[in-house]
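Just one chain is shown here, as structure tokens, and it is the form predicted alone.
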């Protein structure tokens, strides 16, 4: 089994109050690079930070790495617009860091990155992949793509987007999306049936790469599990607007399923998704590393939901996953 991880950045993450994917804005830009290194090596190698929320909750990459220790899946990291280099081996598809979604053309490389990722997906030799992401600010750009596609609030993927924050700043995200639509000269739904337009004008490079990779895999009969939350549900919406009709698989966490700002059943129904929800049982872990997740931080990311589903399918007890998460946590610099 292979996990494909698309990692990148968007300046949308720098908007105040949008994301908790990093202890501060200066550290946040390194988050995807460090996430890739943690899943690859177990700890940051080149990135100067360990990604944590402002309250100290560790990155979901730690959970994905813990599962990799137990299940031993293959990993391919795709540079989907990194602003800072990573020490993890990467595949390059020509993506560049995304600009603020409130600008006129925030993802100028979307078309080329989408098509290059599509060819990458077509070339993968695997029978099945799990596809995940790491990009601070990504739920806001996901909401922007939903708006451009006409899939917001109850009419598709937009039955809510989740957040790395305990209190989802939904109204702030909507304000940002409205400003982005105005800057791009788009009405809601103006990019329906044109996923690459939605990505370029209202998205981020990770969504472009993830959607292109998934499409290429599906075109060559490689099974794809979208390993994540509402950002990966937005990838499903992009695939629908690209003409994909077959049922799609989404593997996410119990934290996303419990998020009151997300109607996961509505998302599944509107996009014809088969959803697997896995609970890691962090409430049984009795350790500060788990407390932030139980309080509503992080919730998903770095293919955590997919990794947990892989562990469960392999018969690995969640208690073993928790023990391995704690072992990895204690080995990280500055967190022991």
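Numbering follows the first chain given and starts at 1. No experiment lies behind these values; they were computed from the predicted model shown.
Only in words, not in the display: the form predicted together with a further copy of the same chain, which the text now covers.
- Although the partner is absent here, residue 268 lies well away from a further copy of the same chain in the predicted complex, with no heavy atom inside 4.5 Å.
- Residue contact check for residue 90: one or more of its heavy atoms lie within 4.5 Å of a further copy of the same chain in the predicted complex.
- A residue is said to contact a partner when one of its heavy atoms sits within 4.5 Å of a partner heavy atom; residue 123 meets this definition for a further copy of the same chain in the predicted complex.
- Remark: residue 278 does not count among the residues lining a further copy of the same chain in the predicted complex, judged by a heavy atom distance of 4.5 Å or less.
- Checked against a further copy of the same chain in the predicted complex, the residues 245, 221, 105, 72 give one hit for a heavy atom within 4.5 Å, which is 72.
- Proximity to a further copy of the same chain in the predicted complex, taken as heavy atoms within 4.5 Å, picks out 34 to 42 from the listed stretches 52 to 60, 34 to 42, 287 to 295, 304 to 312.
- Along 45 to 78, residues 45, 46, 68, 72, 74, 76, 77 each place a heavy atom within 4.5 Å of a further copy of the same chain in the predicted complex.
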